[in-house]
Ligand code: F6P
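Encoded as structure tokens, the following chain is the form predicted on its own, with no partner shown.
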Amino acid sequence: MSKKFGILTSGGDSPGMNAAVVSVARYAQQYGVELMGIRRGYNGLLGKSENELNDIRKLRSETVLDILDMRGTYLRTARCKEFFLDEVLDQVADDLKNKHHIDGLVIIGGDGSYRGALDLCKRGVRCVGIPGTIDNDLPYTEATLGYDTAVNVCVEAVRSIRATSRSHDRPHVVEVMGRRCGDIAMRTAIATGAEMVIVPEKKWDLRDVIKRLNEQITNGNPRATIIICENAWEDGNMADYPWREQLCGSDECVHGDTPFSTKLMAHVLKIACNAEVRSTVIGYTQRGAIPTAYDSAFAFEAGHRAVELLMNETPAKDDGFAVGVQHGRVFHTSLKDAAQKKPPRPFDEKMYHTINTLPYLPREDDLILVAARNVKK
């Protein structure tokens, strides 16, 4: 009897999702399996569209072959809160098996997508997860699809920023994505020689950042770069530093409920360190880039593994499979284990400390600038 598989992309889009769809489509065709593309993540399983083809449609090889290096996700994506309701999940599982006659599902997404996949597994739907998220925040795998591309986007941006920082002798605060995982920030800081990195995994104090930047400037480096992960603000100790009072009368208007941000940090450092500090938020360019060779190759192997698992392997009861990277090679494990947040991946304390304490070695022209600065004072 011929088989039919479904595939969807869920949560935040990440580079390489389309490459994974192409890989699954090619290997499904090799096995003679019909592949159905489910649009807009789990929303596509709820039958919300007036035309069913806007939710689920057959993926033909001639349709998907040209999307290999396309930006974003061809299948579209969305977040779907109602999908986690028991009655909705029961109906979706029944529709997949008895209405659409889908024998297995490939889900490309992050932790929320994996939890949804696990809920379907508990209802008898065979699922394989491919980790599609730039954040690299799934502990079971060394790398997620899109992470390498996001890092490369950030590295290229920071290198350009550091070039203009050198030209103007200005420090710079750069915010990267990563949600509650500092891997993008850490890898970007390492690759670009940034003088500071701030990540959600470590508590930090604004006064320490001011001290570190002042030390850099005093030692002849008025162009230091500070890399910060987007959600690290929650872990910073700003309460003991009067930054709101400091900004009163400046160009930035703040109130009692104004949250701290990359832009405000640059203004605080400008005042506290007497330096022309600038800021940049790299943002969604990290998601919308063409996948690197690493992510494209990972997508190819992951898609192959996903089809093989659905064709040949039977998961444990109420469980599925998750594809990932271990010791540099693609592997698979239990979806139930992959969906758990604990234990987290070990954080590189030594490298974090090295980035934030490495002394600056001044050049001859730096010493001239230091002397001129001291005279001006």
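Position 1 is the first residue in the sequence shown; the rest follow in order. The model shown is predicted, which means the values in this text are computed figures rather than measured ones.
As for the form predicted together with this ligand, it is not shown, yet the points below apply to it.
At a distance of at most 4.5 angstroms from this ligand in the model of the complex, none of the three residues V197, R223 and R278 contributes a non-hydrogen atom. The closest non-hydrogen atom of D183 lies beyond 4.5 Å of this ligand in the model of the complex. With a 4.5 Å cutoff on heavy atoms, G178 counts as touching this ligand in the model of the complex.
Taking non-hydrogen atoms only, E230 approaches this ligand to within 4.5 angstroms in the model of the complex.
In the model of the complex, this ligand sits within 4.5 Å of a heavy atom of R79. Heavy atoms within 4.5 Å of this ligand in the model of the complex are found in one stretch of 206-214, 189-197, 153-161, 134-142, which is 134-142.
Screening R126, H172, R287, R305 for any heavy atom within 4.5 Å of this ligand in the model of the complex leaves a single hit, R287.
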